[in-house]
Every structure is written in structure tokens, then in C-alpha cells.
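The chain below stands alone and is given in C-alpha cells; this is the form predicted on its own.
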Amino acid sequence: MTIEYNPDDFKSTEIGPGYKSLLEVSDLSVSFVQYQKGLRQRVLKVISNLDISLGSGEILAVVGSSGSGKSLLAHAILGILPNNAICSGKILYKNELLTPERQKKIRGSEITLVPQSVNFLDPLMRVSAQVRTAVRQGNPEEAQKKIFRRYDLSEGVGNQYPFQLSGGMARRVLISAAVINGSKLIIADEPTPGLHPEIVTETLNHLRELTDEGCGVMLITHDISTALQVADKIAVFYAGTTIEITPAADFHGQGQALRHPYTKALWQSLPQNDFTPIPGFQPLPANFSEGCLFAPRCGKITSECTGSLPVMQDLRSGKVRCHHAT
């Protein structure tokens, strides 16, 4: 992975009242070098001009459809993109540049990932032993027992293999491994799909407990309804960029408090609202246009929309990337 930073261009951004700056991502772009027929190279940009910010004690939900760049953002923050990836932009953790060297040093300790699937657990290792392997300092056995007590996992559970656990238990094991070192930034990548509603609520409550202790949580999900149960603010992604960042409280009624046409349409497409589908499809990276990426599907499209990508602007206590946002 190649990272292209401009260290002379750093500027801390406002993240919201009551929160201490923990993570700031500004103008992040991610491209992949690919080979085509005849060994011809092409550079495919999949993320462009992406912005988010997160404070201690805050849950930021990153929402968007598949292919919008949510998981790639997580991998860029963690420094686990493949070798053919090229990154540019700024990622700051605690107001300091998150370089590849620093990512390697604090990954798994200060910054950790709660993975998308319980299949990340080793099927051939007892779960207590797996959690102990994550311990960086101190006595691994004592640390594992302490964290299991916190998440109501008995000693008997620790002696089991992943296939013997319920979905809720397996999810608690993953969270235990992620926070056992006292991490300050937790990235939870789709932690709830396929779980019983009670387990979803339990998982979200565990994430909220972490923020109550001063951690920052980035909750990656495609489910706005789930995100609204726990998030402080919502970052909406579309085709590899941030189009809106808004307080979670703005998702109500007919979406009149929301700013971007896509965010409003997404909210109105939910079954509990108008259940109105959004016409068209999210473009693939190879078909990204120069202007607003949502323009072909937008009812407010003008020539200005197709000419240039809108810049992120402050609007009504939120941020939006739209020429005609109100």
C-alpha cells in the first residue's frame, strides 16, 4: 500500500460540541493499480474526497449501500489495504498523522476492529485461547478472564469452540478480543446482520458502554434503522465519497431536516416510511463521472451538477456535498 500525504496541509476540524477529537479523515482517496489485457496498467479510483470526524465518547454510524466505500475506509484507517492500493489525503488520530508506521504500532491496541463475521474466529481454537492471543501487555489469562466477566461469558464458554457458541456469545467474544487492550477507537464493521433483534440490541448496548468510558466507535452498517438506535451522528456514503454528515436526530418525519437528496430518498425508501424506491443504480468505480455522483438519479439535477463534484459545506449543524442542498 502506498500512502501519499501532504503533511504541510494539516488543519484540525470541528467535530461537534462535547467531544474531544479522536479521528479525522479529510479528502481521503483510495485507488487500486490493476492489470488488464496485454499487461496494461490502469488506476481505478474507488474512494474520493471522503471526509469524516469522530470524537471520544461518540458513536459515528457510517451508512451506505454495498460498494459505497464503508469497509475500505476502515481498512485505510487500520492500514490493512492490499499492496496495490494508493491512498492520498489526511488521516489524523488524536490530532497526529496516522502514518503506516504508527498504524502498525497501535493497530490492535489503541485502534481495533470488530469484524463483520463471526467466521473471523479460528474454528480450531478454543475461544478463551483466541482472546488471550490479542493481549499485548500483562497476564493474558487474567486479562481474558476479566474481560469475559465483563461481557457475561462463563469459564465454560471459554473452553468451547466457535461452532458451539450462540450468535450472541460469538459476538461478545469478538468484542472482548477487540477491547481487551483498552482500545480508544473501535471500528465495528457490520456487527449485527443476521442476528436476533435481542442480540442486535445487546451488541449496540455494548458499543454504547464503550463510549460511556471515553472510547470512540465507528459503526459501519447499511441499516439506518439499526444505526439510529445508538448513533450520535450519521455519515452517509455514496459511490466512494461522503455526501452528508448529520446528527442522528435529523432522521425523523419525512426527512425534512436532512440536507442531501440521496439521504432524503434513502430515508423515505424504508418500509416504515413511504417505502419509495430510488430509481437507478449506484455507479461502479469504472463509471464514476466528473460531477456529482448522484446526479443521474437526482430529481434536482442541473448543468452545474454534471460539471464538478460539489465540495463539502457546513449547513444547519451538519455537512453536505450538494450544489442545491437546503
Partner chain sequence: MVNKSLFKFIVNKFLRMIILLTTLCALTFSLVSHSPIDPVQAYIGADMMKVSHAQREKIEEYWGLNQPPIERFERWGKNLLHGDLGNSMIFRRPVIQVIGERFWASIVLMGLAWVISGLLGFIMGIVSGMQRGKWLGRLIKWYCLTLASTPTFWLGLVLLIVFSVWLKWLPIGLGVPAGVLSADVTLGDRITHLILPAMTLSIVGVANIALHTRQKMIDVMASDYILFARARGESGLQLLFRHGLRNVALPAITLQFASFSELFGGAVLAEQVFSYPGLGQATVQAGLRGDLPLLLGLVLFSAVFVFFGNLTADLIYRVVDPRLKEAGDTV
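All figures in this text were calculated on a predicted structure; none of them were measured in a lab. Numbering follows the first chain given and starts at 1.
Although it is not shown, the form predicted in complex with the partner chain is what the next lines describe.
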| query | finding |
| --- | --- |
| Heavy atom of Arg149 within 4.5 Å of the partner chain in the predicted complex | no |
| Touches the partner chain in the predicted complex: Thr99 (any heavy atom, 4.5 Å) | no |
| Close approach of Met125 to the partner chain in the predicted complex, 4.5 Å, heavy atom | yes |
| 4.5 angstroms heavy atom contact with the partner chain in the predicted complex for Ile186 | no |
| Within 4.5 Å of the partner chain in the predicted complex, all of Ile80, Tyr161 and Gln164 (non-hydrogen atom) | yes |
| Contact segment among 247-255, 197-205, 115-123, 87-95, judged by heavy atoms lying within 4.5 Å of the partner chain in the predicted complex | 115-123 |
| The single option of Ala134, Val230, Ile224, Val157 touching the partner chain in the predicted complex, heavy atom within 4.5 Å | Ala134 |
| Heavy atom within 4.5 Å of the partner chain in the predicted complex - residue from Ala177, Ile234, Ala170, Cys215 | Ala177 |
